[in-house]
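Next up: a single chain in structure tokens, the form predicted alone.
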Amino acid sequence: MLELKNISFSVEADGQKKDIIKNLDMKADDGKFIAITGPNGSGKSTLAKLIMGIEKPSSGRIIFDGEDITDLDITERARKGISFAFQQPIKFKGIRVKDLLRIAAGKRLSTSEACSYLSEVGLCARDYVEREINSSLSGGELKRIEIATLLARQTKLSLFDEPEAGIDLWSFQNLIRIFEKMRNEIKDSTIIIISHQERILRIADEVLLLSDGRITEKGKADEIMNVLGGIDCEPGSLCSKLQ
């Protein structure tokens, strides 16, 4: 189980303190699929980075499987079983796709096993398994390869920051299937996804609405969409900012 206790995060901007996350409490039980949504600038990506250890909270504690991990860095948290998929995937010049999948799995995968993960995310394995993770790959291809590494890792907690960003419609439909598969097949695995997409919200066990650095609502997708006024909303409203 993941638990955030009274988490705050602030930065200095133009000589002034700016509060990004404000006294936030949150729980994500084992085996749950949690979606976090909210307007731009509400602190969603920052919250994900705090959980992963990319950023350190100004105050509060982060508990994972009963252990206080607040002071652990990103590498130590990864070893504890936390994975993170960036909104903009990182390129690894000189590393082949096959090698990256082997690193993620923590074992020497056969080419066939590596190809199976690529096939899961809709990539023709023979065209990608030997390629380098570099600028020759499109943003959508990098995104799918990154998701394949999370499938290979089989971790207790998987964090996705707007996984739908920069991918086409077919890839998005495949993403939905992948998330459902992860929830059903990886025992006790928790999935937390930052997303604006209604279809992702609707397959989540619980949706959290983040606004101005605070969780202001939580519930099923329908309940959260009702708070937002529905999909067909007036321009400039909170709902419209989620599209």
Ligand SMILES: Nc1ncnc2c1ncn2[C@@H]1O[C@H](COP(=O)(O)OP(=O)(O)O)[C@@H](O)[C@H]1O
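No experiment lies behind these values; they were computed from the predicted model shown. Each residue number is its position in the shown sequence, starting from 1.
There is another form of this protein, the form predicted in complex with the ligand, and it is not shown here; the text below is about that form.
Partner contacts here mean any heavy atom within 4.5 Å of the ligand in the model of the complex, and among 27-35, 40-48, 199-207, 62-70 they occur only in 40-48. Among heavy atoms of Glu55, some come within 4.5 Å of the ligand in the model of the complex. Shown alone here, Gln154 lies farther than 4.5 Å from the ligand in the model of the complex, counting heavy atoms only. Ser116 falls outside the set of residues with a heavy atom inside 4.5 Å of the ligand in the model of the complex. Taking non-hydrogen atoms only, Lys17 never approaches the ligand to within 4.5 angstroms in the model of the complex.
Looking at 77-104, the one residue that comes within 4.5 Å of the ligand in the model of the complex, counting any heavy atom, is Gln87.
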